[in-house]
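Quick heads-up: it's one chain on its own, the form predicted alone, in structure tokens.
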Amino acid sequence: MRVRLDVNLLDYLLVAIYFATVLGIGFAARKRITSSLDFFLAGRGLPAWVTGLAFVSANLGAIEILGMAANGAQYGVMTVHYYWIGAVPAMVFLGIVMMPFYYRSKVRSVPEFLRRRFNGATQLLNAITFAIAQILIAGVNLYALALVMEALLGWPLPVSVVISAVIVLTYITLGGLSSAIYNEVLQFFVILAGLIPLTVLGLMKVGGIGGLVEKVRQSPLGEGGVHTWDGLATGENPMQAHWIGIVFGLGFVLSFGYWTTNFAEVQRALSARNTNAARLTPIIAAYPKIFIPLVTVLPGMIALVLFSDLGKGQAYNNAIPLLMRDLLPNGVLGIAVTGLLASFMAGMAANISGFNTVFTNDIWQAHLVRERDDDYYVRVGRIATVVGVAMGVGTAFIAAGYSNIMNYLQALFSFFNAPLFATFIIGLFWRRMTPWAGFWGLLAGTIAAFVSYILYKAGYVDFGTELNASFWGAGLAFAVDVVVSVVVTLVTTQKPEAELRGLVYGLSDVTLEDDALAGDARWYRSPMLLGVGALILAAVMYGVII
């Protein structure tokens, strides 16, 4: 069912100003590009607050805005598990434990770290699967952009896709990661400016929090729609999920697999100015992440009680657009539309900047064309950006086949991120793990996730819901990866310890200089202190609505 908004000249003007600003940042960032390090990692010179906001904004794309609102409408308050157990602990773990290995090894990407820890075959396998995943996820963001432009602004779908793609393509090609990151900081505030009024007006419409809770109880979700942990022991809840799937599948495998190994996110931390800033990046991001459900999940629940056809004749993905149509006056509507466009562009920019870096460094330079000058690889990166956006246009129509794009995204994460996390975490803490164990474990885990999903879709196994199928598929992928990695390790040769220094826990690289800056020892720059604070805050939020 189509959703149309009554936009006027003021709304269009706000959108146009935003697009002009985004392109202006791209042209300004181009002047700072003098090397491949500048293009792919912003010269490793950005402060923690910039990279932290970029880190959370890069994830605040279609996955968050349309996907989490759709989940809020479909599953109720249980959706907050994606944030408080499915994001914050992993983000803190990345900052405290893993970023020192990433940053101080001076790698340019996650696949490059895998090459140094394991071998070139493992690097290539991860680079290929990552590149495929980023193109598919970029397609989700493009599809969401096109939905907004077509359904809300009246632009035809093909035109919407092309215009959106060209804008993202322009500022990434011009300014590389610097352009993406500074735009992501801007987009973070634009997104909030659009979603906060929508949430406030929605709550006023349903009688505040108390009114919303009562109306959700009377909806098809029932009592389960307003609780986070009730029914998880029996599977009698809107998600039909078991606590094992939530805690192990989502809270451990999918969450840690995404946040600690997804280069589209890690890349933001790698652009920080020193090790401490890199460690603080995901931890700073964890604080706004805790409160994002208030402007994503909450509007989804509001839409559920306001629109009786949601999930029937109307796709769950339309929860936010429907609220915008019925609640926002002109001017505020323009800000909200701009916020949606900003969120989708931030998400796609993260995908494409990650894709061009991995394709250039870990596929083209590492395995196809070696030992060329720096300018050559910057050109390859720009060409990869064009190709990546073009392929993203094609994959946008795959996402169109899903009523809830979050289900599609979680399936992709179970395929690609869950087995990678298993390989990575074993290799980080078990120095005995061999190079070929890394390759075969990663391959076996990826295949296991695909097989699990195919069996579910074919009806051979019943996980209840597609989302729950992703949780169990992720757990299976992790377990298979671990078993295969151990078995292969027992029959193959490990790397010498000298080659593992700085890459595994307990073997530090003594040749590295301390890169601490003045002020890093202050309490408010302590990754450990701020990380523990984020965990406590997430637990408190659970206590508020348990």
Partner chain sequence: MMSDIRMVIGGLFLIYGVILIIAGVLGSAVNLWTGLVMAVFGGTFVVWARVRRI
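Positions refer to the first chain, counted from 1. Note that this is a predicted model, so its numbers are computed, not measured.
Form predicted in complex with its partner chain: not shown, discussed below.
Does every residue of W49, L186 and V190 put a non-hydrogen atom within 4.5 angstroms of its partner chain in the model of the complex? All of them do, each having a heavy atom within 4.5 Å of the partner.
Among 122-130, 261-269, 470-478, 323-331, which stretch has residues with heavy atoms no more than 4.5 Å from its partner chain in the model of the complex? Going through the listed ranges, the match is 323-331.
By the heavy atom within 4.5 Å rule, which residue out of G86, P293, P238, P197 makes contact with its partner chain in the model of the complex? For this set of options, the contacting one is P197.
Heavy atom within 4.5 Å of its partner chain in the model of the complex: which of L201, L428, I363, V162 fits that? Just give me the one. Exactly one residue meets the criterion: L201.
Does L14 reach its partner chain in the model of the complex, with heavy atoms at most 4.5 Å apart? Yes - in the model of the complex, heavy atoms of L14 and its partner chain come within 4.5 Å of each other.
Partner contact for S452 in the model of the complex: its partner chain, 4.5 angstroms, heavy atom: Because no heavy atom of S452 falls inside 4.5 Å of its partner chain in the model of the complex, the answer is no.
Looking at the partner-bound form in the model of the complex, is T338 within 4.5 Å of its partner chain by any heavy atom? Taking the distances in the model of the complex, the answer for T338 is yes, it comes within 4.5 Å of its partner chain.
Looking at the partner-bound form in the model of the complex, is Y182 within 4.5 Å of its partner chain by any heavy atom? Residue-level check for Y182: yes, a contact with its partner chain.
In sequence order, which positions of 421-446 have a non-hydrogen atom within 4.5 Å of its partner chain in the model of the complex? Nothing in the stretch sits within 4.5 Å of the partner.
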